[in-house]
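What follows is a single chain, given as structure tokens, in the form predicted alone.
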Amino acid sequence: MAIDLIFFVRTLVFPGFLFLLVLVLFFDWFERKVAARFQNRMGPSYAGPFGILQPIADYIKLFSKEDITPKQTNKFLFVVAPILAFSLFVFALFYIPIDGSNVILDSSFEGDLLLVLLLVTLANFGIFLSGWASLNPYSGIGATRILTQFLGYDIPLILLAIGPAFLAKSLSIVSIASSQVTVPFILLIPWSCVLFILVLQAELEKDPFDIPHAETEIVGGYETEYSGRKLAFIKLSEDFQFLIGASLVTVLFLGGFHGPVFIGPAEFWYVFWFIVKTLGVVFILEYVGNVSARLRIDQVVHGNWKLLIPLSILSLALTILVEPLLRSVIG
């Protein structure tokens, strides 16, 4: 019974679904505040102190609005695809160590990094299905751009994620984070971290790579026909994907949950340092997005295959070459 209670609490409360949902909403507020400052705006200000309750108010509004399903759609996929994408993103987050271990205790295994990357790819395929099922020309173009962009940029993302795994001699996310107790990998292989953040911009549809829902070209892209609860699940999927991307930078290059432990339980400080580091990553992602102009679809494709993939291969090769010199630092 005690084991079942621990499993229930960790899965649904902390650091499980409810905690992740609150964290996603907080990061959404922080992201909007940063973007507003770059654009000389106030950002969320009225709902709660400093507008911190604005993301909650937005989702309450979406869930309470009329949920319309157009007649000319593949109704089953139109309804199921957003929920499928959201579920896969949540499941992927369960393998990110926030308080020193995964959400489900003892679920970490050798290769869970690849599982998280696979789940993110499958979730993006679910988002593609949501646009394709709409049978709307704008949604279809947006869905096609998702496949063009995500499946292409998955290649350099995986290559760059292998660099920290190679230094840690493990494909376990917990082991990679634990290998950075002394020195974070961003100081050892900074070129890999910079490229990873750049590729992550494309994976997260952030400027200059936000072509799947470029409002000046294709209205809302794959979201065009969605409203009410289904649109809320799509927005939640995007927010959870953003948290996964920022968390991956934290665990792969910034030492994850590791940091100085002061008074109190170590788990508290693990969560604190994880959130602080991830907020720093969110700020960098927003900075890049707000100082960049949107690329064209051909520029996005050519930039991936002709520039980022070769640079990712060179980054991995350089990491392998310098690994013997760094071994004494890693310990």
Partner chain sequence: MTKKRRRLPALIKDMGSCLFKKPFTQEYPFVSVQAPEGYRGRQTFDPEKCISCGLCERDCPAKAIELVEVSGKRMPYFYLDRCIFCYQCAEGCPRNAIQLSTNFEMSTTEKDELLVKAEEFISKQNISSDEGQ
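Residue numbers count along the first chain shown, from 1. All of these numbers come straight from a predicted model, not from anything done at the bench.
Absent from the display: the form predicted in complex with the partner chain. The rest refers to it.
Taken together, the three residues F17, F91 and F94 all stay farther than 4.5 Å from the partner chain in the predicted complex, as judged by their closest heavy atom. Residue-level contacts in the predicted complex: of F63, F268, W305, F283, one residue has a heavy atom within 4.5 Å of the partner chain, and it is F283.
Partner proximity in the predicted complex, defined as non-hydrogen atoms within 4.5 angstroms of the partner chain, places exactly one of 259-267, 272-280, 41-49, 23-31 at the interface: 41-49. Heavy atoms of N290 reach within 4.5 Å of the partner chain in the predicted complex, making it an interface residue. If you take 187-206 and check each residue for a heavy atom within 4.5 Å of the partner chain in the predicted complex, you get nothing at all.
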